[in-house]
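Form predicted on its own, single chain, as structure tokens, below.
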């Protein structure tokens, strides 16, 4: 296994920048996901690591060796693509053995190596079949086997589960986690699916517009998002992001938006007042009691929970989640209580950087929420 480093790596096509000055250090044996929306630069980053694209500037290192000018075959990496890219005229055994044949491994040595990988991936009974005779999950395991048989230092996986149905994706996620645990190899995994990244990764690198936004363990990304973009991207349903005004009066901080006034716990010294963005996770809004009046706009029953969208008198809409069985109907009036201790604050402007660290556990916010006197006449949120 080997560590991987990106040092001020930039990739541009004329004036179009795909990746901007990326600094990223992946530890040997770590499972790291590159996560972000389409066009964020995650696949370009992986392709540069694989040698399928060359950086405009900067340095890429694998195991302490600079690989910028090395061909893919010289980097000791193996890549699994979104499309399985199996040879249709070859059997499963021949597909897995093909990389060994290309490297000149004697025929007599290939059999035991293929058998070991086939046993690991439970492909033994399928070795004589052609790809057209396999299910999507089986084809994906063959593609993994073709990568595993090379025993590389680093595995690169480019959205390998996106062609599978939901049930099979869940099964394959568990298989990949177990495979990583057994092999202990460095794995770099590209995905746009935050569930995959959150459940499989040691750390997640979140990109947007070619820029690294945050690189941290999954729970840290969820609980302490570095900026507004990460806060809104991670989590389902998304975090409520409310534009408003932050002010300090008599030593107390207060956030106000149309129909909402929230007294906040102490903020770090030097926190600027004025325009700001308040973030509330759906699970940090209590329904059925509290100081705020609201009206139910939408109810989504998912089975294990209920997603509720409510509208405040000022027109502001908030999304919350609650346990199943809470009988709510669109148009119904109810009271809610946002948890002020769990509120996130982000700066206004392009950076949207986080200004505070919410409490580690559930807070008690009901007493610190109020309805502005002007709420009945407030306009739409800014």
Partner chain sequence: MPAPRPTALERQYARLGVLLIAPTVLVFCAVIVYPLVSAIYLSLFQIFTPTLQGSWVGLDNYRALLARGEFWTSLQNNLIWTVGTLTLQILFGVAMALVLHQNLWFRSLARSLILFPYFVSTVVAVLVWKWVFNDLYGILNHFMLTLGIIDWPIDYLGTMPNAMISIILVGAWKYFPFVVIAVLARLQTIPEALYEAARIDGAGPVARFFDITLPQLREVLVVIILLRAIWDFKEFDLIYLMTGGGPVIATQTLPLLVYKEAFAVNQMGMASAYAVVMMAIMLAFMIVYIRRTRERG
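For the two forms, the rigid core is made up of the largest set of C-alpha atoms that agree within 1.5 Å on superposition. Keep in mind that this is a model prediction, so the values were computed, not measured. Residue numbers count along the first chain shown, from 1.
If you look for the form predicted together with the partner chain, you will not find it shown, but the lines that follow are about it.
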In the model of the complex, residue 184 touching the partner chain (heavy atom, 4.5 Å) | no
Contact test in the model of the complex: residue 99 vs the partner chain, heavy atoms, 4.5 Å = yes
Partner contact for residue 357 in the model of the complex: the partner chain, 4.5 angstroms, heavy atom = no
Are any of the heavy atoms in residue 88 no more than 4.5 Å from a heavy atom of the partner chain in the model of the complex?
-> yes
Triple contact flag 51, 78 and 150 to the partner chain in the model of the complex, non-hydrogen atom at 4.5 angstroms = yes
Answer with one of 72, 137, 265, 217: the residue that has a non-hydrogen atom within 4.5 Å of the partner chain in the model of the complex.
-> 72
Students should find that, of 249, 302, 83, 236, the residue having a non-hydrogen atom no more than 4.5 angstroms from the partner chain in the model of the complex is 83
Within 4.5 Å of the partner chain in the model of the complex by heavy atoms, the stretch out of 101-109, 170-178, 188-196, 119-127 is 101-109
So with the core overlaid, does the Cα of residue 120 end up 2 Å or more away between the shown form and the other one?
-> no
Residue 88 C-alpha relocation of at least 2 Å between the shown form and the other one, rigid core basis = yes
